[in-house]
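Below: one protein chain in two forms, given as structure tokens, structure 1 then structure 2.
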Structure 1
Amino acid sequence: MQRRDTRISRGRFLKAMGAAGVAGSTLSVLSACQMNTSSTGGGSSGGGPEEKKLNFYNWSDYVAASTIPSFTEKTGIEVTQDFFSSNEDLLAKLQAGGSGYDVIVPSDYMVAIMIKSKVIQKLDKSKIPNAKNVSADYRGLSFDPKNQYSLPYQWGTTGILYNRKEIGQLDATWDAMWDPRFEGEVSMLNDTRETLGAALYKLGYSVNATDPEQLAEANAELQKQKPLLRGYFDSTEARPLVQNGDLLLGHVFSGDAFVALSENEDLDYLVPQPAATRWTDTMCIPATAPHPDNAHKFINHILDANVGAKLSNYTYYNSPNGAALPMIDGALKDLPGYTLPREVFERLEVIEDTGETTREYERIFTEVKSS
């Protein structure tokens, strides 16, 4: 998930908090500072204790207001947070060397690429006792089968947010995104793997297809669809357009859908058949992290049950933290598509690194968008 920029409207969060003074003090802690990105500055190179600092590189607006302050209160470690806009930007930063970051939040398929690129280090599980809280469904996934390099942060699905009041209840398929009745009122994600994935799913293929004929069919499906689209948008761009009625259907990530559903009862969200994507954002430590011990402490903090619950209650994404689940807000759990039946969960696919075929995915998507 190479794209999620803003998770929830700040205004609605402040309203829910009910105290602008409290929010103001916590938001100041979360404000981004431009870091010195040289590789120097760690306290552990001489064998002594690390300085009380941690540099966190994350998607924007992807921690609860209490997440970082509670860590600093508990450990005395000051956190500087910077933001990236895509997995590819994150990878480029690490490959350039000397990023200065201690904890990063790459998505599933990117972890596999980072392992091959040797830009992240193995985790010391003895320093992360809360790893025991990770539910079985989020352990041992294909991108890191033994969880040697990553532990999960949040997870979600990719599906369709739509205006049920205007167009009625949709069948749980991808067909509506290709329906001529909705010409000009549909958006797809500006995301190579997710949008080609939707076409592949519609055709009955895997999101990780490498067969040239299957990819050619997906290309043809997207070429057929393009005249119906308002455009290719980020999930955070599509959400308000569907929410205010400017679009009837948007291809979105689940957290954005759940925010919209919580604010507009005319909307619905579906996870289409025959398959759709489930993604997992993870926590990793760069190979050049200046504060690796502090990084392990931070990952352990995120996997605390209470911290994990507050995180998902803020982002509106799902928690991979089994111990946190009883504390997830009941109203959030009740939103359509948040709590998935087992049969739905098991038909979801995880996007994987397709190796050299990745270039063909990129070529096709560029061709479709420029046609």
Structure 2
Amino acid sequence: MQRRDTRISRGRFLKAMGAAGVAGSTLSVLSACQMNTSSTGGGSSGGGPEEKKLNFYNWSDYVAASTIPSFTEKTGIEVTQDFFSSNEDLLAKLQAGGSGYDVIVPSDYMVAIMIKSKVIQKLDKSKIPNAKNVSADYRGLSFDPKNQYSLPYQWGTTGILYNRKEIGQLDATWDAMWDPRFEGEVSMLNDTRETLGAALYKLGYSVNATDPEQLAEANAELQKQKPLLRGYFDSTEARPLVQNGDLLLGHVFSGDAFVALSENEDLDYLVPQPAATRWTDTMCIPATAPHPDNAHKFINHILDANVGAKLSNYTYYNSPNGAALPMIDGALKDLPGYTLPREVFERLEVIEDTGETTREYERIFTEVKSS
């Protein structure tokens, strides 16, 4: 598949920026084949220099066309990329042992769980000089206060992508996802913490609730909502359905929303009140990684300023790389909801490890999906 590193169409770009903005833009048009494959290679280094291979386990549609080819060009290391669709699936893969992956991309709360479960290894920061590029807001986060195990990849929000032309401008709440007028035209994320989180937010509770009564209420909200849903979809599945008018509303991650918005001006993206999720995806090295040295080189590559800018200019997620920020396309920064005012940033919640209660979250989501 041939894709450009930057996806904002010229027409949309002009609209978002105005003529003066375009003149000063950093819009880049690079072509490269996306080197995604679906097979996992193993290959231990056997004590000597590592073989020139790296196995990358990532969310889908989450590298720019140039990200992997430029790494291979720089280092001679060939990358195999596989995909997962939730943090829980990623954990299960690692816990099954011997995954063969060298770099993985868990989100915030899952890093804490993986540290506890000893499935990831400490990073050798002397091998990652570009770690200096990470913005202050993305260093030392609560799930890994000294960044001993993780460095940030991308960050974003979770909200509602909807067809404003069809249903009008929505209030900034979660209510539309429970509105019987939209029966059969709505999807929620196939994601335990995010979807229970939406129910908890709607009830005015925290996404990290551990009170059994609050979780029971969230369960009831999801049971009430289920008959209205087309299904529980991954964000990358929901995006084209909302984009082409097949769904009216989708619970999605922000990058998918911004891709859809840049293609269809009838759509809008809402980060509801009283709260919604702000998340950080990170790069970690599994304890059993066959190529840890190559993994450090890859993490260092992602944190390069130019590589980081091209990554976000493709994924439409936000960059935790301070050195990359001046190279983020102006049109992207201007899309509604991309650049968060400080008070919105502070109001959003971050999903945390809820310890023993994690099982209850999983039990409820399984029960809702199978009811």
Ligand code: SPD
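Rigid core: the largest C-alpha set superposing within 1.5 Å between the two forms. As the structure is a prediction and not an experimental result, all values here were calculated from the model. Quick note, the numbers are simply positions in structure 1, starting from 1.
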* Here are two forms of the same chain; which is the form predicted on its own? -> 1
* Since one rigid part pivots against the other between the two structures, find the hinge residue among Trp155, Phe298, Thr195, Ile120. => Trp155
* Please work out, using C-alpha superpositions, how far the smaller rigid part turns between the two structures, and give the answer in whole degrees. => 14
* With the core fitted, just quote the Cα shift at Leu54 between the two structures, in angstrom to one decimal. => 4.1
* Asked: Quick one: CA shift at Asp89 between the two structures, core fit, Å?
  -> 3.9
